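Shown below, as structure tokens, is a lone chain in the form predicted on its own; questions about how it binds or moves come after it.
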């Protein structure tokens, strides 16, 4: 493997130490900052930075992308809604994430919360800390036999379905896409059907804008009296004020919330929410994927994908680039050409190489709606003027040589 020794990386939001170790092992320069940065500070920091590593809090908008020379962004989490993927596309910035690495951790938190809430364990613990011995079984139940409604049947929702069923729950699910049921889970035709028939409801949808306030007063009214409600997905999906009101009214007998519309950017900032100090309400600080196992897996997966992209041009698992897996580079130069997806550009590349008597050892092309990604392996001896010609092709977005 060929190393890009001058590659500079900025890691934000306290990403697991394995990420830095992997990059340094491959000869990259790394700067590590434990918190997220606002737009102004981030733009200043990104000067001369090739790769940015973030988690879910840092927002990467058009202005940030336009004022940087990034080659790649690593989202050390599941979602990428915090990143303007379209702008990354047209600026030639490859984005990688970790869609599966923390699935188990989130699912285990969901299962644990369900048991705590349906047994009233959280409130009983608080009472005992105050010296109150409340041994009553009133309103305390098993989860066995209860109907669990899962909204969003992706990686997390599907795994939650399997574990919940193994514990004796009856699983209902709803997803806007046609997802194959696992085990004995039953698909609901509408979200309304799921809301009306579930004893426990758990949200596992992504953070796209169309999901904003997916659950509000209308949806709460459809739920059973005494329902248990969980949101471990994205904060803006649930109207928390309406949730708070329904908990206080007793419509919702217990809630577990891990994500919020407004979350502190630093550990020193105060957290304020209408959900605080409510009965049988478990609030956690966005820790669904915060286990040693999950953070280790995420750090390894995303960092290795970025190293492979920088050293070999591979884009497998990129969320925005055409996915290409390439053979190892041997005795050749690898030319990477990123361009707008317009007809004839591959022909122009090959015309420039042909007129300069350069033989192609291997060539690979893949496109999506926005861009084309061309990898060309050529013999080591060539006239350097072809680089200028290739960079000057109309609709070129980015160009890179791997030595």
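Positions refer to the first chain, counted from 1. This is a predicted model, so every value here is computed, not measured.
Not pictured, yet referred to below: the form predicted in complex with a small molecule.
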property	result
102, 89, 318, 246 - the one with a heavy atom within 4.5 Å of the small molecule in the predicted complex	102
Among the candidates 260, 301, 220, 153, the residue which, in the predicted complex, approaches the small molecule to within 4.5 Å (heavy atoms)	153
Stretch from 111-119, 328-336, 145-153, 163-171 whose residues place a heavy atom within 4.5 Å of the small molecule in the predicted complex	145-153
Heavy atom distance at most 4.5 Å to the small molecule in the predicted complex, all of 192, 254 and 282	no
Heavy atom of residue 289 within 4.5 Å of the small molecule in the predicted complex	yes
Contact of residue 209 with the small molecule in the predicted complex (heavy atom, 4.5 Å)	no
Exercise: residue 187 in contact with the small molecule in the predicted complex, heavy atom 4.5 Å	no
is_contact(residue 233, the small molecule) in the predicted complex, heavy atom dist at most 4.5 Å	yes
